[in-house]
Each structure stands twice: as C-alpha cells, then as structure tokens.
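Only one chain comes next, encoded as structure tokens, the form predicted alone.
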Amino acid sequence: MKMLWILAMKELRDGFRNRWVAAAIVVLGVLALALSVLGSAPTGSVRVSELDISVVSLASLSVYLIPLIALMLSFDAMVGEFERGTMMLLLTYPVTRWQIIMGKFLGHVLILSIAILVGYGGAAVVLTLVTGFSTEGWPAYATMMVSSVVLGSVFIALGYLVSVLVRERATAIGAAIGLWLVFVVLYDLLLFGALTMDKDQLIGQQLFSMLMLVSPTDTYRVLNLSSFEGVSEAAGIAGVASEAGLSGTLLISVMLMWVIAPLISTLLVFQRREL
C-alpha cells in the first residue's frame, strides 16, 4: 500500500505541475455556476429545489465532459512511459507491474476527485450562500458528484486499457477520441435510431432498460436523474426507473463493473507485455 500511495502522489504532483487540476477545477466550476444560475427558474413544484434542477443540468454536462477529462488524463499513462523510456527505469525499482497500474489509477482518480469536489462542490456552496438556494437538494447533488467520480474512473480505466494495447502515443489519442465518441455520442444515436425504426414495438421497456445499461454514460444518467424524487420530477422522468426495475443498487453495481473489468484487462495485458 505504501508503494501505491507513492505512485499515486507522483501522479497527483504531476497533475498540479502540469496545471491539469487547476484547468479541470476552473472548467467544472465555471460551467457548474453558469448552468445552475441559468437553470434556477421557479418550477412551480415544492418538491423541486434549485439544487435538484442543477443536478439535471450538471448530470447532462458530466456525461460529455467528465469522460473527456478522464480520457485526456489516462490515454498516455502507459504508452507515454514506454515512449519516454521511463517504464524500464520505473521497473528497476522494487515495484510490481500491478502496483504501477493501481498507483497511477489511484493518482488520476484523486486528480479527478479534487476537480469535481472543488469545481462542482464549490459552485454549489457559492450559490447557496450568495443566492440563498435551498439546501434540500444536497443529497442528490452529493450523489451526482460521487457518481461523477465513478464515471470518470470508468473512463480512466478504459484509457489505461487503450494505453497498454497500443504502441504509439498518437494511436492512443485517436483511440481515446474514438472511445469518447462511441460511448457518449454514437451509442445513444444508434439506440434512438433503433427505437425510431421499431414500428412493431419489439423493443419493450425491459429490453430498453438493459440496453441502457450497456453504456456507462447512460447508466450514470439514469442513476442521477431517477434516484431522487425532486430530480426525476425536474427531469420529467418521475417513476420511469422504478417501472423499468432499475434500482440504485443495480445501477451503481453496473458502473463499478465498468471500472473493474477494464482495470483487470489492463493488468492482464501489461503482465504479458514485453518491455
């Protein structure tokens, strides 16, 4: 565990030195403030707070932004070390290959967690103090922040898998962009197209729910927009997740599996890779 922490702190220091943490905090904080202010119009429902409305806006933003930040952090985590020749040097120390992967992963998750906590959390605190936002929506807002860290962890793990499979940094960049397009844009377009062409309604609610779980971004979206009554009412999908049988435990488990599976695959590939 000591070695994991040393490697994680190295990645965290690199993140601060390369201005990754500062840039992510500024981007997330500014967008969180802007979306929260723009979406703070009264809804006419006593069950919907301003923070609930902010959760709807920020969950929609995070589906696009958090995976992108995570992939930019992780796409060259391995291939970059190989190209610079530092991987051989690193392995001369008393450190195993799985410790390298997990230490880097922990460090990148810490970078993303700090950015989300300060960016999203700071925006909510400022709005609550300055504009007098109700604090009733804090549980939903906190859930959104934690699940955003998990979503980012998914794409950090996917970025590692890309980074250990390819041989050149340029290839890793292209693969990372491709992953982002597939999970964030193309899958939803294909799913929407299938529903549009389904004239005989062969895709029922249960099948559609299972198809949503195929994508970690859709799982994240459903989790945040359906777990709390005020948020689901603000999003206009009250009761949809419960009717489809998608419990919070199931959604969280699916997201965690999306973290574990790519990490295990990365470890297996890295153990067999020749230096």
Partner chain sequence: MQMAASKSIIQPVISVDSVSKVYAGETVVSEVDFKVQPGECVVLVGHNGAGKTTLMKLMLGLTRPSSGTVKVFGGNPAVSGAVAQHKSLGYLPESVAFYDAMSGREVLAFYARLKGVSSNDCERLLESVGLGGAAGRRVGTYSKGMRQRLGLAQAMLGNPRLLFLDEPTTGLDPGLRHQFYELIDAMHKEGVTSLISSHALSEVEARANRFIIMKAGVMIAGGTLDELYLQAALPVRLQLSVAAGQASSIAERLGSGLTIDEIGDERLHLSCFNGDKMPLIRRISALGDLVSDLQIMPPRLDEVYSHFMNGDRP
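No experiment lies behind these values; they were computed from the predicted model shown. Residue numbers count along the first chain shown, from 1.
Here the subject shifts to the form predicted in complex with its partner chain, a form of this protein not shown in this document.
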Subject >> 4.5 Å heavy atom contact, residue 95 and its partner chain in the predicted bound form >> reply: yes
Original post:
Should residue 81 be classed as touching its partner chain in the predicted bound form when contacts are defined as heavy atoms within 4.5 Å?
Top reply: yes
Original post:
So, in the predicted bound form, is residue 86 in contact with its partner chain at a 4.5 angstroms heavy atom limit?
Top reply: yes
Original post:
Would residue 91 show up as a contact with its partner chain in the predicted bound form if we use heavy atoms at 4.5 Å?
Top reply: yes
Original post:
When you measure heavy atoms, are 3, 6 and 13 every one within 4.5 angstroms of its partner chain in the predicted bound form?
Top reply: yes
**OP:** Sort through 67 to 75, 144 to 152, 114 to 122, 95 to 103 and report the only stretch with a non-hydrogen atom within 4.5 Å of its partner chain in the predicted bound form.
**Re:** 95 to 103
